[in-house]
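First, one chain by itself: the form predicted alone, in structure tokens.
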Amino acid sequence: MKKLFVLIFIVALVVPAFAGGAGQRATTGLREYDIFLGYEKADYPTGGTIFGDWLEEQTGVRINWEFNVGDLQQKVGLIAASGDYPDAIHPRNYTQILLAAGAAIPLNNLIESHGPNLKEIYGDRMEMFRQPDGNIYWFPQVMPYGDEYRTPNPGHGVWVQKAVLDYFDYPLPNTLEEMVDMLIEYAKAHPTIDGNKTYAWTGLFWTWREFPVFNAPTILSGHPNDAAVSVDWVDGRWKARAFYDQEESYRIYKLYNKMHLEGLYDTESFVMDYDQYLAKLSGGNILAFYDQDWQFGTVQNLLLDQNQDRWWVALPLAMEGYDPEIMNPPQPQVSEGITISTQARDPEGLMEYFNFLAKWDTLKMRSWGREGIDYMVDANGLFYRTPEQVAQWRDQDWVRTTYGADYWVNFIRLDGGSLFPDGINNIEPATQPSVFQAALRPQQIEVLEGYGVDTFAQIFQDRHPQPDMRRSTYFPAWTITMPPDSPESITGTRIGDIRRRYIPQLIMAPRGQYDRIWNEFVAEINQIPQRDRDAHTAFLQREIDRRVEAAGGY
């Protein structure tokens, strides 16, 4: 009897050590799912977060996170090749790799049986991410909701330092060329800033974040952020056109070369990684650049908090001869999102979890927080934040690791400019008029008063009244993905490799040598057969047309 008791005692000690997740589920009473998220994030706090703990209480589910480190395409390829998949995978724009490996399950039946909230928030737009075989394999990263849309911030543009705008008494030049002349003039008058050499322009040229330099020709020739191609309304249809070897590319890099020849283009940008880029911006000696606001928001907020004039304001600028239709319409990012893998232990339970994330109350909790603690509601049902609440939500460390909804922000998310079904409150607090106004720093108010507007988006709208909302049926083209080993994908890679080699050479061309280098670049592009380049553009055109048809047609 004594030996039996000892044996039972040993088993009791050993079994939990080998039970892994099952033992933890037995202890916590929670179902657990493993999710790979293709973003670089800090490890999920061991003590939990406010939002994460609330989710666990509401759903009985705990997420075991794995975040991306290093090259995402390589990581997704390794996951796909291993055949050993987590329950759910968010591969960002490498969904086609998972599809080719047969790693994602069709979600159609699960949506019908376990996803009523998902059906409600996506509505007819669900057809936009249905694949050619008729199946839905992932939930898109971002999707607009409804027809109402408002935002106080343009999101991207030519970012010009406030100190420069002060110097020229808040100008709105007619062309990018005029702005470049102003930047050169200011830099010559202020050759150093806080002991550092002044640069008129910089750009990020690193891994997938290279788009500030790569996409400049299409953006600064007056297009919203389609990136892969220029898309124009031609004869009643959206028409895709390659720009990489056309006039707009020739002109924009020659304009950058003009600043380089003055010693004012930051050539370190060609070898900087992302952290070095942010560090360079934080020095306050970069006068202007093109980028998306989310990519450098941490530095922008840092400089604003320091109450300096070395932060940047987006201006609606395009090269001479182009209409600056830069404002982005709502962006359904339908080519990337979160999948349920073929090795998911409980697809039905995971779908129920996603369905809970799609509840309006959950979406409200994720973006606004707790009523009465993180936001208030007035007698008319309008959400607002007190100055204390605004200050709390400005603390990014608190937002990310204490409140913690940031870990769920990259999937099953609605466009921040969309409104809740009540028609009066924005889904994203920062776009709510009252919160936007309450969060403004004095130096931001100074800029708005200088331009005679109430929001930064109005600076764009005064130049070009509104984004073309017809674009939202396909936009943005950069979310179009190609099967990784397809001829079109291989052609796109070849074009990209040539551009990566020649863009720095063009920008840093010695005086009188720009045209020679441009001609060498075009000659190398022309070594790729024209039929292959046309097929690459045609693939993008077919997907644009398919999206438009899925959204209701032209």
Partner chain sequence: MNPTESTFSAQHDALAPATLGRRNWSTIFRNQGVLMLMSIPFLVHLLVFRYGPIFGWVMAFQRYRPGRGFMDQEWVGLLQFQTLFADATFYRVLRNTLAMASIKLVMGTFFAILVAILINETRNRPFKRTVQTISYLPHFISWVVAANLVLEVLGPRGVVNDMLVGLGLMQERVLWMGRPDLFWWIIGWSHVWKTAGFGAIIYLAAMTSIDPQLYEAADIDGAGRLQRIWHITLPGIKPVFVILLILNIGQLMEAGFEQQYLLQNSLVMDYSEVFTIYVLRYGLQLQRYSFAAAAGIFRSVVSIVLIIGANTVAKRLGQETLM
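What you see is a predicted model, and the numbers here were worked out from it, not measured in a lab. Residue numbers count along the first chain shown, from 1.
There is another form of the same protein, the form predicted in complex with the partner chain; it is not shown, and what comes next is about it.
Remark: Thr493 counts among the residues lining the partner chain in the predicted complex, judged by a heavy atom distance of 4.5 Å or less. Among heavy atoms of Asn307, none comes within 4.5 Å of the partner chain in the predicted complex.
Taking the partner from elsewhere, Ala81 is found to have a heavy atom lying within 4.5 Å of the partner chain in the predicted complex.
Interface residue remark: Val271 is counted as part of the site for the partner chain in the predicted complex, having a heavy atom within 4.5 Å. Note on the interface: of 502-510, 30-38, 49-57, 62-70, the segment with non-hydrogen atoms within 4.5 angstroms of the partner chain in the predicted complex is 502-510. For the residues Tyr149, Phe383, Trp408, Phe205, the 4.5 Å heavy atom test against the partner chain in the predicted complex is passed only by Phe205. For the candidate set Met259, Ile97, Leu357, Val299, a heavy atom within 4.5 Å of the partner chain in the predicted complex is found for exactly one residue, namely Ile97. Along 98-119, a non-hydrogen atom within 4.5 Å of the partner chain in the predicted complex is carried only by Ala101.
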